[in-house]
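Included below are structure tokens for two forms of one protein chain, each presented in isolation as structure 1 and structure 2.
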Structure 1
Amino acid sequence: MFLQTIMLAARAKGLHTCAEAAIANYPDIVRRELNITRDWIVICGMAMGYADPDAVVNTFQPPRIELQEYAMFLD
């Protein structure tokens, strides 16, 4: 949830992000590369920068289910 706050703030500043939970499968590599100790738990990574709209990978549009399929709004 905190990641989402950062991601939204990044968009407000013109930056793009991509959350990457898969990095948690490689905690020892992350710790080694970032020089962090074993008492830190690697949960999720996040790329941040300026997206290249011409990159083919950035043209991928994942399918989405309709809002009412995953949310319920109560008055």
Structure 2
Amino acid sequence: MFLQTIMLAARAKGLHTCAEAAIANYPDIVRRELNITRDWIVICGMAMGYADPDAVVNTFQPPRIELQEYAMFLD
């Protein structure tokens, strides 16, 4: 929820973000590169900046299931 709030605020200011939970699998590399001591826990990270809409990587659209396949709406 903390990252979500920052990500929403960033979008409101015209920035793009990307949450990165995978770095938690490599805490020693993150600690080394960012000079973080071992008494801190690496949980996740976030990239922030301006997306390049012309970059091929930013055109990826993963397949998605239909809303009705994972949600049920009750009247």
Ligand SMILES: Cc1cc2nc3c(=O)[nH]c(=O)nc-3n(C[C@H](O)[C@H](O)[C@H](O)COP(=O)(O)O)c2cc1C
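For numbering, take structure 1's sequence and count from 1. By rigid core we mean the largest C-alpha set that fits within 1.5 Å across both forms. Only residues modelled in both forms are compared. Since the structure is predicted, the reported quantities are computational estimates derived from the model, not experimental observations.
- Structures 1 and 2, same chain in two forms; the form predicted together with this ligand is found in structure 1.
- In sequence order, there is only one run of at least 3 consecutive residues whose Cα atoms each shift by 2 Å or more between structures 1 and 2, relative to the superposed core, and it is 62-75.
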